[in-house]
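In structure tokens, one chain follows: the form predicted alone.
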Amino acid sequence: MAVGIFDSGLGGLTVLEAVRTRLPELPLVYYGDNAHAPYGVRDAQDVYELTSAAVHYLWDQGCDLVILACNTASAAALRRMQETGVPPGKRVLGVFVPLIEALTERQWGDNSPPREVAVNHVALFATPATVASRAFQRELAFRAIGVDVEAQACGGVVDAIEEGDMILAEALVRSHVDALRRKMPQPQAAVLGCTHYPLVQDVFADALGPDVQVFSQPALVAASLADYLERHPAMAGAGGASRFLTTGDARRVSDRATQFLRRRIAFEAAA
């Protein structure tokens, strides 16, 4: 048994690295649906079906706890999966929760009425599918009032990162920040709502300027997982080495992952 981490591609490796740093003894199974990436341009039903199939696959691999390290999957599939029923002894968690906890400075289990928070103007950078879902705004509205969220769909960024073209990725990030600033000239905070974006977080921060607080997911998700496993230790599983599985070309995905993490990563083809 291990904790499963799922993403449509390689962006979730940023979450895996943060979890590995925070919980070095925790066995992990990373599953990338690279054959169907990117999810950010797919419709909600398609994303739900692909995500549901991936989560069930990881449950079958012995991962009782699965983290959707993909904002598009979290936005389109998580609530629906939870509402339709998760099997006893299984859990699936998303990556929005730690972001919103950090932004609102309140724990997810705090069910008190929405209240004012320190940040009133938030820029959300995400994939087109995540932006279209408005899932981040919906979840935030349950916990905070008076927060203006301006979302910017960052088309092309994930594709550039997946292809290893960081020059194009940087140019696209700066273009999307410029577009956001035309709609919200002075954001107080920026949310990087895609797990690929930490790989270009410095570019976002530079383009936004020093007065904008940037919220990125990997460290927040790792801290939230550590807290969850402290409260639910049985969900951590027992023993076993970490594994990397992909629906794509294992050699090509391994090469890209090695470039991402700057250490050798060997993916296996998912059975």
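In this text the structure is predicted, and so the values were computed from the model without any measurement. Sequential numbering from 1, following the sequence displayed.
Below, we refer to the form predicted in complex with a small molecule, which is not included among the displayed structures.
Checked against the small molecule in the predicted bound form, the residues Ala77, Val173, Cys194, Ala123 give one hit for a heavy atom within 4.5 Å, which is Cys194. The closest non-hydrogen atom of Pro218 lies beyond 4.5 Å of the small molecule in the predicted bound form.
Although the partner is absent from this view, Tyr39 contacts the small molecule in the predicted bound form, with a non-hydrogen atom inside 4.5 angstroms. Within 4.5 Å of some heavy atom of the small molecule in the predicted bound form lies at least one heavy atom of Val158. Residue contact check for Ile67: none of its heavy atoms lie within 4.5 Å of the small molecule in the predicted bound form. Annotated contact segment (heavy atom within 4.5 Å of the small molecule in the predicted bound form): 194-202, selected among 136-144, 177-185, 164-172, 194-202.
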